[in-house]
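In structure tokens, the next block holds one chain alone, the form predicted alone.
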């Protein structure tokens, strides 16, 4: 039986990078009263207004139930708005309020600083190559199960 060599395991290195990024993002968002999921939800709504609970859950990697709880809190705090009734079907599209946009602007700057720190020492070409390689990894793992 062969063991995975941790020093050269891409999966292990990705997990280390993910864990480090997660910790650094938590550290800058916590003083703003935000979690990573809270921030991610606002960022998604900024870029894709009108997303449903299910779409936001998928985009932030949480369950629909967890997203529903978060959306209720964000709505109560005046950061997002949802119609009382679904315009069509059962989907309640969610949008950012001006207060939500202001909070997101502050948080985005903090998160951008974390990402900039993570990429320090990489050239623009290296950064683009990293993005390309990570997208390739994601695509390869999303391939049909029979190809794995």
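A quick note: this is a predicted structure, and the numbers were derived from the prediction, not measured. Numbering follows the first chain given and starts at 1.
One more form of this protein, predicted in complex with the DNA, exists but is not displayed; see below.
Although the partner is absent from this view, residue 54 contacts the DNA in the model of the complex, with a non-hydrogen atom inside 4.5 angstroms. Taking non-hydrogen atoms only, residue 97 never approaches the DNA to within 4.5 angstroms in the model of the complex. Of the heavy atoms in residue 118, none are within 4.5 Å of the DNA in the model of the complex. Within this chain, residue 40 is remote from the site of the DNA in the model of the complex, having no heavy atom within 4.5 Å.
Among the residues 30, 102, 48, 112, the one placing a heavy atom within 4.5 Å of the DNA in the model of the complex is 30. Every residue in the set 63, 68 and 82 has a non-hydrogen atom no more than 4.5 Å from the DNA in the model of the complex. Partner contacts here mean any heavy atom within 4.5 Å of the DNA in the model of the complex, and among 118 to 126, 40 to 48, 103 to 111, 54 to 62 they occur only in 54 to 62.
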